[in-house]
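Okay, here we've got a single chain as structure tokens, the form predicted alone, with questions on binding and movement later.
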Amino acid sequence: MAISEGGLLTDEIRCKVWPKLLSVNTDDLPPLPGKELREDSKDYQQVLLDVRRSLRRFPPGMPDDQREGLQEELIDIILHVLKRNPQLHYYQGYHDIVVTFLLVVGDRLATALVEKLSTHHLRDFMDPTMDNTKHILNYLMPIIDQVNPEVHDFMQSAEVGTIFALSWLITWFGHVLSDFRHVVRLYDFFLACHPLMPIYFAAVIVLHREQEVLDCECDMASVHHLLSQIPQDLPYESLISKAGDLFVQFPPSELAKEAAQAERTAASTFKDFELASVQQRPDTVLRQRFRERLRGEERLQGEERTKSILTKPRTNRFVKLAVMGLTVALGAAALAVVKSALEWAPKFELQIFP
């Protein structure tokens, strides 16, 4: 359901399914965090500043006292997770993910879900440095290159890098999408899939805007400005479906063959998620849906199907679908590049969270 069209549909269903996707036992939830967390937390002041700036993440028209109460709960959840997991480091944008869980499932369940998410899906973002985050971002261009070499080459010529997608990735698009319905729909999808699925979704957004990109001035500032302004009227269901197809066609293990530091990302050793995948097998749903689409397009369009399934005719990649294992068993590794976007993007464009 989480992968298929429409996702989980209601927050009531999400309260039941999200814990299962993360293998969280709802019968043994931790107690609510206490206020004493704020006294000895090195992150309290930064968390407080970020949460105070999060007004637009709450439903329009919510009474001030209710919103302020939720903001206090948001602070406590974040500090609780950080205290229980000293290996994790807070980053700007983390609160955008936490507030989504808080609004959907409430503070106590959100605390348990966010802690599990932080030690698994988000683990690479919470390192002391941004090295692993940059490596994960470096998946973006190889995915685009597999699908549309023209767009890839144009972006390379413009030297735009991948910094425009940083806030997308580390907030699971929570910071950049204004409609909460679209945010939770994406969370359904990401929670049910491999931890690197958000970067595939980022790639299909760029590919969806192909003509806009190619019509843009071929310089870094112009292309970065265009791509960093994410449209709010995206065809989300179509893009979700395409992201799933691209993951099946070009799995992380295939992209990782060129990586020099595959073992450095936490996503590549995601044991707990692998156990969950044994039960959920989201990759099976993705592959089945992809095969059904191929059969349907073969009947209706014949040879034209090649264009509509977003594949570049370099090798016969469909043969590889038959030997794919569990999603996580494919491994997740980052593509290392000599020049990361963070090292050379101009200062005036580095305000990731306006």
Partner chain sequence: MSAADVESSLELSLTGSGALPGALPPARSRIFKIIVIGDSNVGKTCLTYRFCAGRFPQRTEATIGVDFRERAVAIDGERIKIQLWDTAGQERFRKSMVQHYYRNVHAVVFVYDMTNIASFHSLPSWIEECKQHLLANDIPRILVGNKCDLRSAIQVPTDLAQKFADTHSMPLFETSAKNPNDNDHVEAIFMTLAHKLKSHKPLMLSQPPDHDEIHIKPEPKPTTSCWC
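Numbering follows the first chain given and starts at 1. For clarity, every value in this text was computed on a predicted model and none was experimentally measured.
There is another form of this protein, the form predicted in complex with the partner chain, and it is not shown here; the text below is about that form.
ask   = Where, among 193 to 201, 180 to 188, 211 to 219, 246 to 254, do residues come within 4.5 Å of the partner chain in the model of the complex by heavy atom distance?
value = Of the stretches listed, the one contacting the partner is 211 to 219.
key: Close approach of Met130 to the partner chain in the model of the complex, 4.5 Å, heavy atom   = Result yes; Met130 sits at the interface with the partner chain in the model of the complex.
task = Give a yes or no for Tyr236: in the model of the complex, does one of its heavy atoms lie within 4.5 Å of a heavy atom belonging to the partner chain?
result = No, Tyr236 sits far enough from the partner chain in the model of the complex that none of its heavy atoms falls within 4.5 Å.
Contact flag, Leu32 vs the partner chain in the model of the complex, heavy atom cut 4.5 Å = Because no heavy atom of Leu32 falls inside 4.5 Å of the partner chain in the model of the complex, the answer is no.
The partner chain contact in the model of the complex: Asn85, any heavy atom under 4.5 Å = No.
ask   = Can we say Gln92, Phe154 and Ser167 each have a non-hydrogen atom within 4.5 Å of the partner chain in the model of the complex?
value = Verified in the model of the complex; spot residues all in contact, yes.
key: Sole residue of Lys242, His120, His80, Lys134 within 4.5 Å of the partner chain in the model of the complex, by heavy atom   = It is Lys134.
task = Identify which of Leu140, Leu207, Leu227, Met126 has a heavy atom within 4.5 Å of the partner chain in the model of the complex; exactly one of them does.
result = Here the answer is residue option Met126.
request  = Give, in sequence order, every residue of 50 to 82 that has a heavy atom within 4.5 Å of the partner chain in the model of the complex, or say none if there are no such residues.
outcome  = If the 4.5 Å heavy-atom criterion is applied to the partner chain in the model of the complex, 50 to 82 yields Asp50, Arg53, Ser54, Leu55, Arg56, Arg57.
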